[in-house]
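In structure tokens, the next block holds one chain alone, the form predicted alone.
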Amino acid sequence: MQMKSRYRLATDATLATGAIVTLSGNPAHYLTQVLRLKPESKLRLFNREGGEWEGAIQAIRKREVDVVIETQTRAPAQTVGLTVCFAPIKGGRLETIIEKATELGASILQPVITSRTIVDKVNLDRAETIAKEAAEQCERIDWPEIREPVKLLSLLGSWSANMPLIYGDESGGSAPISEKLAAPAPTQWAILAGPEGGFTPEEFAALRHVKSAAGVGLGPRILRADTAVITLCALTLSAWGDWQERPRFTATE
């Protein structure tokens, strides 16, 4: 059995047999200057719409690499129905949220501006780059949709009654998350983690007015904002997601 090439990159280009994809910028630099690949070297390209395809380098120019697409190795993925709502936080910890939520399987990343949110802007281009790089490393063949930041009250005001929203409640007023996860698994759900400093009393009141929202306790310790996101993702995915499936990794040449 022919083994897959070990190198894989996310791309927005259309993928089909015989298509030529031109990679430039960081991807081209990575292939030529870091990996030192040469013409005819094999690699895999993937995206949400086309799935994953194997191709070969056809030409290398100063800042561009042409890849000719050969065969499809995996069909487009069926996404896990997890939306991750989170308050943006400073510096590298925001990048950690994007990276780890992608690795864990999130389909949508929704930044949320709360009363105590310090960071009110998200560089969406940079966020998408981080998500793509995380997908490349974890054998995903898609990456999350990253949405524009929205204020918490606006988000809650239009929240669907059919979409469970599990939010971290550091006040101690909610049951442990294990009790909530005993419920039948939904096909789609969302998690919400608050900012540094947590939700205000007014925000907790707004959350309690959303019929499909449920606060959960995450143990006796107060978690950092990024840790809370990862914890909520991991626990809900282990109960409701696709974690019963085997790894999709295959041997490389």
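Residue positions are given as counts along the sequence shown, with the first one as 1. Keep in mind that what you see is a predicted model, and the values were worked out from it rather than measured.
In what follows, reference is made to the form predicted in complex with another copy of the chain, a form of this protein that is not presented.
Trainee: Taking another copy of the chain in the predicted bound form, would R93, C138 and P220 all count as contacting it (heavy atom within 4.5 Å)?
Mentor: Checking in the predicted bound form: R93, C138 and P220 are all within 4.5 Å of another copy of the chain.
Trainee: Picking from 160-168, 99-107, 117-125, 146-154, which part of the chain touches another copy of the chain in the predicted bound form when contact means heavy atoms within 4.5 Å?
Mentor: Comparing against another copy of the chain in the predicted bound form, the contact stretch is 99-107.
Trainee: Among T227, S41, T32, N47, which has any heavy atom within 4.5 Å of another copy of the chain in the predicted bound form?
Mentor: Among T227, S41, T32, N47, a heavy atom within 4.5 Å of another copy of the chain in the predicted bound form occurs only for T227.
Trainee: Which residue, E70, E202, E196, E64, has a heavy atom that falls within 4.5 Å of another copy of the chain in the predicted bound form?
Mentor: After the contact test, the surviving option is E196.
Trainee: Can you tell me whether S178 touches another copy of the chain? I mean in the predicted bound form, with a 4.5 angstroms heavy atom cut-off.
Mentor: Yes, S178 lies within 4.5 Å of another copy of the chain in the predicted bound form.
Trainee: Please tell me whether any heavy atom belonging to L235 falls inside 4.5 Å of a heavy atom of another copy of the chain, as the geometry stands in the predicted bound form.
Mentor: Answer yes; at least one heavy atom of L235 falls within 4.5 Å of another copy of the chain in the predicted bound form.
Trainee: Taking heavy atoms and a 4.5 Å cut-off, does D12 contact another copy of the chain in the predicted bound form?
Mentor: Contact with another copy of the chain, no.
Trainee: Is the gap between T83 and another copy of the chain in the predicted bound form 4.5 Å or less for some heavy atom pair?
Mentor: Looking in the predicted bound form, residue contacts with another copy of the chain do not include T83, since no heavy atom lies within 4.5 Å.
Trainee: Using a 4.5 Å heavy atom cutoff, which residues in 11-32 contact another copy of the chain in the predicted bound form? It's fine if the answer is none.
Mentor: Residues within 4.5 Å: none in this stretch.
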